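Next up: a single chain in structure tokens, the form predicted alone.
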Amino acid sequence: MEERIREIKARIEEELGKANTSRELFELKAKYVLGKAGIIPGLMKELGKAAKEDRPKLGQIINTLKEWAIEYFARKEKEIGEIEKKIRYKKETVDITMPSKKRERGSLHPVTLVKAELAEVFAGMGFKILETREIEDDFHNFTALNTPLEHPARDKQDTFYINDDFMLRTHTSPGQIHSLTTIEPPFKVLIPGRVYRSDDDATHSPMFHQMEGLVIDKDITMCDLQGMLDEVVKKMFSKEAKTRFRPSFFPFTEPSVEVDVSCFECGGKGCRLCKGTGWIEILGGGIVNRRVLENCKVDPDKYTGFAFGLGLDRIAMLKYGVNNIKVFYENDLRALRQFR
């Protein structure tokens, strides 16, 4: 047995001396040390053939061999690991002073482009850009905006509630309340941002983008709203673009209107884009409801104002001819590269 052990030690030293990779090392370790099939564990099975009085001594010798082998393999593993690490680092080294073979240019997202373009237009009219929070309480998202308790927008099937009092904002209109309660009139604010509704199809997404506008001053009328929007659509779509108002209803404006822009594709003659009508709906707005001003402790007999809200995603879809809102959120580089 002692002679066999000396032979095994010599073979381990010889074969490990030739091993150059972690894989070769593992195969040798499995051959000599690991599991019941290993040569050294196999020696323990042969103890039964030895004389009873010799077994303790032989068992001790085999255990000493096993401990020596494990330590020897560990030293070799560390040695080979260091060598392989240096080889890997050398292969992965990048010369940062070398010019790249291909320089990819990025691009702004189409919704970002539309947001920036609109912000520039409104900033030229004296609007201040304001960012507000995306998690709102009931007062700012519904109550202060004159939204009754039975209004369908409050239903859990339409709104992402966090608890009974807080939700992901369903529109950027809470920005009106933040502005009215923190800024002294007169003022003009533009509030862009993400909003959330439980809705999902080709033209709707659970998360989308809106832009809210609010003007508070003395003697504001619907003529001010239409005059401003006429100028906006001319700069966004075409110099010939016009707007028209259609009566509508929103809890926070009275009177309220839906705003259409003359089709910039056909010039109002009627086409597939405008569904033959010559007009495309782009936003909603109106004169700020007296109750909203009262809820924010602004004197409605002294100040009036108009508010409007538009969907940035919808404007981007119209402007760039996108027929499915999901194109904006699928991160498909083929689509996004078109906006360089």
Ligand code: DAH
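All of these numbers come straight from a predicted model, not from anything done at the bench. Numbering starts at 1 and follows the sequence shown.
As for the form predicted together with the ligand, it is not shown, yet the points below apply to it.
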Inset, instruction - Select, from the options 295-303, 267-275, 308-316, 26-34, the stretch whose residues sit within 4.5 angstroms of the ligand in the predicted complex by heavy atom distance. - result: 308-316
Inset, instruction - Although the ligand is absent from this view, report whether Gly38 comes within 4.5 Å of it in the predicted complex, heavy atoms only. - result: no
Legend entry - Touches the ligand in the predicted complex: Phe252 (any heavy atom, 4.5 Å): yes
Legend entry - 4.5 angstroms heavy atom contact with the ligand in the predicted complex for Ser179: no
Inset, instruction - Report whether the minimum heavy atom distance between Glu136 and the ligand in the predicted complex is within 4.5 Å. - result: no
Inset, instruction - Scan 285-301 and note down the residues that get a heavy atom within 4.5 Å of the ligand in the predicted complex; none is a fine answer too. - result: Gly285, Gly286
